[in-house]
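Have a look below at one chain only, the form predicted alone, in structure tokens format.
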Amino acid sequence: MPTAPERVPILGCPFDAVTFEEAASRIATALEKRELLHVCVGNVDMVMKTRKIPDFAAIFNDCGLVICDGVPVTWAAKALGTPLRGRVSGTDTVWECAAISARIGITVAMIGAEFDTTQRAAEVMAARYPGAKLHAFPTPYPLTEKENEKLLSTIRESGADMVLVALGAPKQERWIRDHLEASGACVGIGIGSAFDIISGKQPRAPRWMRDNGFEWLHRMLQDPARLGRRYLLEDFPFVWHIVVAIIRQRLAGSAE
């Protein structure tokens, strides 16, 4: 059996040292074997949230696969001497889920975001991967307990093997933790804004920005009112925390 990937903590938030291909293989294997697998997509914002929200940190520690969707996190890991194996884009992972569906015949439920957006994302992915079984379901807001039971029933009736959840963090991760098994699916992934990007509602950052750690800037410029506070106030201390961690690590090394 393949060995489990190394799990690298970044400021206490775990990341699996996997390539994109290895992450995709792990997801496909779980689907083929009907193994429950919660996939968390981590980045700087997720790291900072896990430092403030105890149950969110517990979800990351308990989930089966944590992929790193953030170039600054890969830089931090390398600087701390525990390198990851590159970025695993959450949006590209959603595309790969459509490819897996077309290849092995599994059914994917897509919930969250605005229904028109989610439905359009399903259509775009199905056009690229003919034969993919992608079902977008409207998600009521607020998602009350009664409405959630109806949603779970709809997902079960669809025979979904995988659920892609776009409710924003930490809601989407909590939903998967609490309801993946009840949905009848075996793989759940919180995918943030991927449906917005795939549908064309939100322009994706150019490749050079994605590869060089500036995707956050592109996103902030698209929606400064909503994302300015997150990136400039809530997430920026990540840099300071990493610098402090590096200094402490080097001081500890010199003291030995």
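Every value quoted in this text rests on a predicted model; they were computed, and no experiment measured them. Numbers follow the displayed sequence, beginning with 1.
Note that the form predicted together with a small molecule isn't included here; everything after this is about it.
Student: So in the predicted bound form, does any heavy atom of R174 sit within 4.5 Å of the small molecule?
Tutor: Because no heavy atom of R174 falls inside 4.5 Å of the small molecule in the predicted bound form, the answer is no.
Student: Are any of the heavy atoms in E215 no more than 4.5 Å from a heavy atom of the small molecule in the predicted bound form?
Tutor: Answer no; every heavy atom of E215 is more than 4.5 Å from the small molecule in the predicted bound form.
Student: Hey, in the predicted bound form, is R230 touching the small molecule, heavy atoms inside 4.5 Å?
Tutor: R230: contacts the small molecule in the predicted bound form.
Student: Decide whether G86 counts as a contact residue for the small molecule in the predicted bound form under a heavy atom distance cut-off of 4.5 Å.
Tutor: G86: no, not in contact with the small molecule in the predicted bound form.
Student: Considering non-hydrogen atoms and a 4.5 Å limit, which listed residue (R226, K52, R34, R207) is close to the small molecule in the predicted bound form?
Tutor: That would be R226.
Student: Identify, from the list I155, A77, A169, V71, the residue with a heavy atom within 4.5 Å of the small molecule in the predicted bound form.
Tutor: The residue in contact is A169.
Student: Pick the stretch from 111-119, 93-101, 175-183, 155-163 whose residues have a heavy atom within 4.5 Å of the small molecule in the predicted bound form.
Tutor: Partner-contacting stretch among the options: 111-119.
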